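Taking the form predicted alone, here's one chain by itself in structure tokens.
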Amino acid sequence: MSALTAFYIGLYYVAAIILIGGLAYRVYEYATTPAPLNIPTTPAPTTLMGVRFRMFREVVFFESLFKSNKWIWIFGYLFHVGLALVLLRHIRYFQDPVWFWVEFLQPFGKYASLAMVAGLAGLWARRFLVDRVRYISTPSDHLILALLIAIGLSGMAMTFVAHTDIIALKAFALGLVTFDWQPLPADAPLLVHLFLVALLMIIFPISKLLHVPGVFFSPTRNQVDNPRERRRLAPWAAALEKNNG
């Protein structure tokens, strides 16, 4: 095994541990944080089924973003849909044989990378061109967008410019999962792409990208609008009411 292959094997195991452990910890924090006040963004559903349907529309169609800003919605939706197809296309590297629907998505995922990068470019341009957004943008906002664009461009380079050895790459990816380690092709675009993806996995649990699981724990979205039917009291208020009663 070459030193290069050993480095990337170790890098991806460390990145996977940080990603999974960090996300699990963050989800635990979100799930155990009290939400004593009833603060759904109105107009809000008055039933649990309505809340579930609202969350579905929010996660799948970005409903609130669509209502607030159509331009941002276009770029955001381009990026997220493109990213979803690209990720589904990458499942083939971890399967043998490959599921039929993953094979079906291959051409769509190939060109979805163009939509993904276009959406990211629009979102990044917004941080320069819109005064109020530029004012609140931090260096981390720009760095995350730059990282995502670099991942997209390096992946596109392997697809449209300098093709890598897909068979060897798949053997390497399967080896990571089965602990049967195989040599990694030493193509520059591939090495850059894999390094950037590992970096994204490492910083994910400490970045603003946590809105991915966080949206499901947002009290403005996941609460039923029933303040009259159900009282929500902070622990100190409940104790005070009990003592006075």
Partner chain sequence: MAAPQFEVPKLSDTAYTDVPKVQEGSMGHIKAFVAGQGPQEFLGYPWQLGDDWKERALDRMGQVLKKYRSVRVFLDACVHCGACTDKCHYFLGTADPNNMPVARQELMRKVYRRYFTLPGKIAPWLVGAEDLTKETLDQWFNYYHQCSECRRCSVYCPYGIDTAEITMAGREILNYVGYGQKYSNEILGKVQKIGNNLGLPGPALEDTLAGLEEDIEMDTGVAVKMPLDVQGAEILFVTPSADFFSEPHVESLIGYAKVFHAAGASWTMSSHASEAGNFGLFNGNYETMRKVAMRIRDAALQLGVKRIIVGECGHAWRVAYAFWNTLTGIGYGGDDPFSVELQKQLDPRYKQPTHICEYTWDLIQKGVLKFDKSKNDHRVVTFHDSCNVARGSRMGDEPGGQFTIPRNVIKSVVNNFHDMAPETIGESTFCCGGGGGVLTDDLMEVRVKGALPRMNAYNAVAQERGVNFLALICAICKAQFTKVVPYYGFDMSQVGGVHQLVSTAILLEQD
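For the two forms, the rigid core is made up of the largest set of C-alpha atoms that agree within 1.5 Å on superposition. Positions refer to the first chain, counted from 1. Quick caveat, the model's predicted, so the values are computed rather than measured.
The same protein also has a form predicted together with its partner chain, omitted here; what follows describes it.
Undergrad: Of the residues Phe53, Phe217, Trp181, Phe61, which one places a heavy atom within 4.5 Å of its partner chain in the model of the complex?
TA: If I apply the 4.5 Å criterion carefully, the residue I get is Phe217.
Undergrad: Report whether the minimum heavy atom distance between Phe104 and its partner chain in the model of the complex is within 4.5 Å.
TA: So Phe104 does not count as contacting its partner chain.
Undergrad: Contact with its partner chain in the model of the complex for Leu4, defined as at least one heavy atom pair within 4.5 Å: yes or no?
TA: No.
Undergrad: Taking its partner chain as it sits in the model of the complex, is Ser140 in contact with it (heavy atom to heavy atom, 4.5 Å or less)?
TA: Although its partner chain is absent here, Ser140 would touch it in the model of the complex, with heavy atoms inside 4.5 Å.
Undergrad: Answer for Asp131 alone: is it within 4.5 Å of its partner chain in the model of the complex, judged on heavy atom distances?
TA: Looking in the model of the complex, residue contacts with its partner chain include Asp131, since a heavy atom lies within 4.5 Å.
Undergrad: Picking from 158 to 166, 141 to 149, 94 to 102, 107 to 115, which part of the chain touches its partner chain in the model of the complex when contact means heavy atoms within 4.5 Å?
TA: The contacting stretch here is 141 to 149.
Undergrad: Is it true that Gly82, His90 and Asp187 each have at least one non-hydrogen atom within 4.5 Å of its partner chain in the model of the complex?
TA: Not one of the three qualifies.
Undergrad: Going by heavy atoms, what in 1 to 39 lies within 4.5 angstroms of its partner chain in the model of the complex?
TA: Residues within 4.5 Å: Arg26, Glu29, Tyr30, Ala31, Thr33, Pro34, Ala35, Pro36, Leu37, Asn38, Ile39.
Undergrad: So, superposing on the core, is the move of Asn222 at the CA at least 2 angstroms between this form and the one not shown?
TA: No.
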